[in-house]
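Only one chain is given next, in structure tokens, and it is the form predicted alone.
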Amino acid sequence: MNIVIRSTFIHFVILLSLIFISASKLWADPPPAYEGRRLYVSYCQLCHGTGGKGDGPLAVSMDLNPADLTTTVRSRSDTILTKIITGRGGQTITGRVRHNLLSDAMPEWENLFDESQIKSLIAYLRFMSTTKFKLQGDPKAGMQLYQKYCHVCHGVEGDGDGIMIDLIGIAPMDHTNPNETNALSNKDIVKSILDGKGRFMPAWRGILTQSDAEALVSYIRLLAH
């Protein structure tokens, strides 16, 4: 098969794949840490700050002392974190009964968050307290770009099971595996997106911008949590 015929065949296969996927469910449910970040930005960031250090604008203006979530979350189980967030089940601390272990000013969110949202929020807190990488771009934009350009190979949920893997015999990176993604810096992944890597990872430079690639990296980081 010469190069022209092979190229035409690959484009034809991709077209068929996209038609097939458009007729099925394209959008996966948001990954837990992605959804958790949305909740954090809406409800927690004002006090705990963008990086979870407890330096949010409301905390500063009202002289509050929210917990530094980048350190305190690491030593607490999901059960305890759920109690802290919801206010369920008082915790006896030095003879006092409080709904949480971190701050007297911590609101009780039980009537606002359902169980799935609490798990998502905890997933993002775990990410924030353990990651060594900054989210340089907008994960929301990254999710939209991922489902437009990346899911055909990497899968709708990012686990490397896209429809193209069997058609052309490839093994894409599993973006839900932190052992794989954490081995690469943000700069490394941006370069792979824009300039390509290996035989099958195409270069998207000219189609995607630097900010697009950074948004994709932020979404990929959250996929692994």
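All values derive from a computational prediction rather than experimental measurement. In case it trips you up, residue 1 is the first one in the sequence shown, and so on.
Beyond the structure shown, there is the form predicted in complex with heme C, which is absent from this document and is the topic of what follows.
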Report task. Classify residue 87 as contacting or not contacting heme C in the predicted bound form by the rule of any non-hydrogen atom within 4.5 angstroms, answering yes or no. Result -> no
Query raised in the report: Does any heavy atom of residue 126 come within 4.5 Å of a heavy atom of heme C in the predicted bound form?
Result: no
**Report entry** Exercise: residue 135 in contact with heme C in the predicted bound form, heavy atom 4.5 Å
**Finding:** no
Query raised in the report: Taking the shortest heavy atom distance, is residue 67 within 4.5 Å of heme C in the predicted bound form?
Result: yes
**Report entry** Sequence-ordered list of residues in 191-209 near heme C in the predicted bound form, where near means a heavy atom within 4.5 Å
**Finding:** 192, 193, 197, 198, 200, 201, 202, 204, 208
